[in-house]
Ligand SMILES: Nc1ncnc2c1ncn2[C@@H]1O[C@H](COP(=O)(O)OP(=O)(O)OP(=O)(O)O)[C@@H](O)[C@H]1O
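Shown here is one chain on its own, the form predicted alone, set out as structure tokens.
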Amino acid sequence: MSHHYVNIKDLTFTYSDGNIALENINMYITHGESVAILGSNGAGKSTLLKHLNGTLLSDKGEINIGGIPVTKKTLKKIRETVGIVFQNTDNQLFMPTVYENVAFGPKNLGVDGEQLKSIVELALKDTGTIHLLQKHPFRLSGGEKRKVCIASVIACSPEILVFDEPTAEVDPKGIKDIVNILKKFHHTKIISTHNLKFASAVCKRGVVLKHGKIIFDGQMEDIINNTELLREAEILDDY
């Protein structure tokens, strides 16, 4: 069980073109909690997630991960704590084999030899991809790529797992596989998606964004049953 909380206070971020992507975001996520970040395309979900490991740094406000503020000086520690599976899997699959991709992170953390082999194989087994060990990533299906990316992140033993649109380019069977994989992990999980059934299968809590602002923070059950909220947030259920 993770002992790292996420505390976001008054987070605001504006892109260089003047677009305000996030405005006064306040959120507290306790250790072991699974939270869905919901909203339509352009709501600010990906921008928010990129702040959690310092891929983006805020113009205003602050993010604190288990007592450590997210700043340029703390990026190494933050990125060891917060593992992100990005929406575009090809950005995370850059080595010639599945094994080498999953080994890349822990190897950079100083793991080697039999311990490295054991960690990689366990991550692949946990994600149902051990049979893909020596395959080239570009020969994998969308669902297989997503699962290998998850394996690459969990191999680094982060305390917090962050997923940006994990159902993108994944067929219905693959989505169910990912649901089962995520249910096995007791880390803190933060998942951005517009897929309501997927979100409710993995998360009890949902935070709804619209135009970079939080318009609802509560139980997934309450979100699903609130037709007016779903219409306002333009959330599509395509599971």
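The shown structure was predicted, so the numbers you read here are calculated from the model rather than taken from an experiment. So that there is no doubt, residue numbering starts at 1 and follows the sequence shown.
In what follows, reference is made to the form predicted together with this ligand, a form of this protein that is not presented.
For the three residues S157, P158 and F185, a heavy atom within 4.5 Å of this ligand turns up in the model of the complex in no case. Proximity of V35 to this ligand in the model of the complex: non-hydrogen atoms within 4.5 Å are absent; the residue sits far from the partner. At a distance threshold of 4.5 angstroms between non-hydrogen atoms, S58 is out of contact with this ligand in the model of the complex. Among residues of the shown chain, T81 is not one whose heavy atoms approach this ligand to within 4.5 Å in the model of the complex.
In the model of the complex, this ligand sits within 4.5 Å of a heavy atom belonging to A43. Just one of Q219, N226, N19, N24 comes within 4.5 Å of this ligand in the model of the complex, counting any heavy atom, and that one is N19. Remark: of stretches 168-176, 45-53, 198-206, 25-33, the one touching this ligand in the model of the complex is 45-53 (heavy atom within 4.5 Å).
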